[in-house]
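Starting off, we have a lone chain in the form predicted on its own, written out as structure tokens.
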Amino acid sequence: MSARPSPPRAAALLGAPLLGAVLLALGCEVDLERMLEQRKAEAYEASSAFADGMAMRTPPAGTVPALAPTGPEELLSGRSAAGYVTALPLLVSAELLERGQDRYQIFCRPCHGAQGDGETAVARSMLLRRPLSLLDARARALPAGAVYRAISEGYGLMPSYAAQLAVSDRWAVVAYVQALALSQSLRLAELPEELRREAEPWLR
């Protein structure tokens, strides 16, 4: 003889309405509607449970959102006690540059262009102020932390991309922008011999 199923398993086998009918037939009191009406306060609702009459409470000091990025100040803000960081706080690798290129093509290219020169249809339509060329001497002189801050907080007419780009992705874009600017200004003779031999056939 099989054992009687537990209530959760019985609900799965019979379904809530049928289970309720069975329990009622056995003389059990069942309240299947109890979850529809709960004693709780909705966001921005008044509440008599607190002296200020507000249901929403200020989080305790020092708490952070569960999904908030964590790490050293240099990584999260691009700044240190001395000012903007000049070197990326992440290891620069081929994978990081590839990720930066991918994010740049999606979020930055429409305004700044594939080469970073700001020559795009979108940029030409911005009559109030065109995007800064990333190849410009002023842009190239910016420390890495300043570029990161522009991506994170916005700059001029450029909005913040913090919602679209995670911290690591923002630094990946910074790394790619630096590589892009370098690629547009580096002389052939300045390349290492192996790279120079590889590049020479493309310039003939």
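Note that the structure is a prediction, hence the values are computed from the model and not measured. The first residue of the sequence shown is number 1, and the count goes up from there.
One more form of this protein, predicted in complex with a small molecule, exists but is not displayed; see below.
Within 4.5 Å of the small molecule in the predicted bound form, a heavy atom is found for none of V85, A87 and W171. Checking L135, L165, A179, A55 against the small molecule in the predicted bound form, a heavy atom within 4.5 Å turns up for just one residue: L165. Within 4.5 Å of any heavy atom of the small molecule in the predicted bound form lies no heavy atom of A114. Although the partner is absent here, R99 lies well away from the small molecule in the predicted bound form, with no heavy atom inside 4.5 Å. Not displayed here, the small molecule is kept clear of A175 by more than 4.5 Å at the level of heavy atoms in the predicted bound form. Proximity of R130 to the small molecule in the predicted bound form falls within the 4.5 Å heavy atom cutoff.
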